[in-house]
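Quick heads-up: it's one chain on its own, the form predicted alone, in structure tokens.
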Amino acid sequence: MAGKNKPVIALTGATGFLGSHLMATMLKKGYSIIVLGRTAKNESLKERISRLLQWFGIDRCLDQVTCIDADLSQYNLGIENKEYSRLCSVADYVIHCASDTSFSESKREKVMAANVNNLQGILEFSKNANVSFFHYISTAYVAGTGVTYCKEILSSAKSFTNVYEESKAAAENIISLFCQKNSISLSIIRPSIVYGDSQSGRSLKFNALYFPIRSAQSIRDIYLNDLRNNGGIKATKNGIYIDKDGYLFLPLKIYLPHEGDLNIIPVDYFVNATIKIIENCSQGGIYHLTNNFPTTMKIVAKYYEQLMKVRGVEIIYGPQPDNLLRNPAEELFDRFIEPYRPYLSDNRVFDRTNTSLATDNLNPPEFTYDIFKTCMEYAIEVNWGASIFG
């Protein structure tokens, strides 16, 4: 049953990783949600949402959801006038979670269109609906490059790691100006890198933290197959073998630009902290959902070796020597992880003053081997998302 005194939420990005997890928990807490989304792959928006609710085990909550086919790039979100007016009359808050998360410079036009140019529609909806709050899901990395201490203030950075960071920083400033002009309270929620549920390991997306692990697993499997089915021709040539303990010795030197951390949070923390912010912050603000005790790639590499029964992975901080001869496994891994490399040894520290106050000092868990194992075993079980819905 929907909560009688809870605000009605208009949510974008409900079929994405963060948006779907946020939607599921808010439904369980009794919220009514207007999902603004689109049909995809011959599946209606309602069918997409129904499938997600089944995955979360909350089919019973479907009657709390109103699915509206919307196009953020169109006037009135592409919604017929009468229906648009009706939605404006019932929506209390907007949570804007929809985003193109591509890092690729070749996709700059598409990313900027989705994350910046398409803001006008959802902002005008917020104004027309006279919502009391606009909650924007951004990223901690709007801080840009060349900064070490990142405050909970709007970004004025001029240099970014990729177009995604740049687009989110631009969006924050546009949204802030609009909300200020139209007297709409604004919260900007900035997660760092988000992985699956720390308790169950379940996740709907397997990039970021998962990508280096998946890449290393794929390389491991290539050489295990060679050793078992092809006499180890490729493996022996590259000094790869199965040792006396049954572990695969796989020499894999991973160069990272400098010593630094990997700032990751589980999706259950993201959801719980975000809901606390939504329910507790009366004036709005900017909130870093980050980890005060980040892990490192050296720790993650040890976890990987233990889980995958591999030895030989070595994390090296500093520039890769010129003319360094790389073995085929290293060359392949380098290509796989290149977009994520800057985040794997990060020196940025994130201010969490606002977050601590709004969330009653809620903190993400330490990234232990048990959490790593639970998350990666689930990822492997669903073939890194390929068989997630059966």
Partner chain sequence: MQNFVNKSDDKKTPYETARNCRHYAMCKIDFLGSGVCESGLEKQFVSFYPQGRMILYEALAGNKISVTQKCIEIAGSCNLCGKCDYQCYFLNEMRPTKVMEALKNHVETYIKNGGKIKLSKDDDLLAEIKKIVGDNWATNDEAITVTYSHDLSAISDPKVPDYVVMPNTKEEISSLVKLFNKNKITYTIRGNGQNLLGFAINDGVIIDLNRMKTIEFDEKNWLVKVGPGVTAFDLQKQAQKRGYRINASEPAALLCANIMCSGIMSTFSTTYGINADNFINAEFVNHSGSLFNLNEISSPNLYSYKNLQHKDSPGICVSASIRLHPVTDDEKGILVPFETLNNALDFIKDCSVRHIGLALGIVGAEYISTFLSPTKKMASEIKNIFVDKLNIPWLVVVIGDKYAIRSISEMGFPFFDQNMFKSLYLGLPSLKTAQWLDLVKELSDDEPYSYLKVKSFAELFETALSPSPRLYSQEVDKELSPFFEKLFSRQEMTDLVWLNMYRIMSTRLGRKKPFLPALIYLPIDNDLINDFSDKFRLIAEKHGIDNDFGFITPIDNGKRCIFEYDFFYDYNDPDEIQRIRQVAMESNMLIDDYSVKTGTVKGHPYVLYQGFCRKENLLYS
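Computed from a predicted model, the values in this text were never measured in an experiment. Residue numbers count along the first chain shown, from 1.
Separately, the form predicted in complex with its partner chain exists; it is not shown, and the next lines address it.
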Requested in this report: Spell it out for me: taking its partner chain in the predicted complex, does every residue among 107, 218 and 238 have a heavy atom no farther than 4.5 Å from it?
Outcome: yes
Query raised in the report: Counting only non-hydrogen atoms and a 4.5 angstroms cut-off, does residue 332 reach its partner chain in the predicted complex?
Result: yes
Requested in this report: Classify residue 128 as contacting or not contacting its partner chain in the predicted complex by the rule of any non-hydrogen atom within 4.5 angstroms, answering yes or no.
Outcome: no
Query raised in the report: Does any heavy atom of residue 226 come within 4.5 Å of a heavy atom of its partner chain in the predicted complex?
Result: yes
Query raised in the report: Does its partner chain come within 4.5 Å of any heavy atom of residue 328 in the predicted complex?
Result: yes
Query raised in the report: Where, among 301 to 309, 227 to 235, 72 to 80, 196 to 204, do residues come within 4.5 Å of its partner chain in the predicted complex by heavy atom distance?
Result: 227 to 235
Report task. Identify, from the list 84, 317, 247, 211, the residue with a heavy atom within 4.5 Å of its partner chain in the predicted complex. Result -> 211
Query raised in the report: Though its partner chain is not shown, can you say which of 222, 170, 157, 113 has a heavy atom within 4.5 Å of it in the predicted complex?
Result: 222
Query - Contacts with its partner chain in the predicted complex - residues in 150 to 175 whose heavy atoms fall within 4.5 Å - result: none
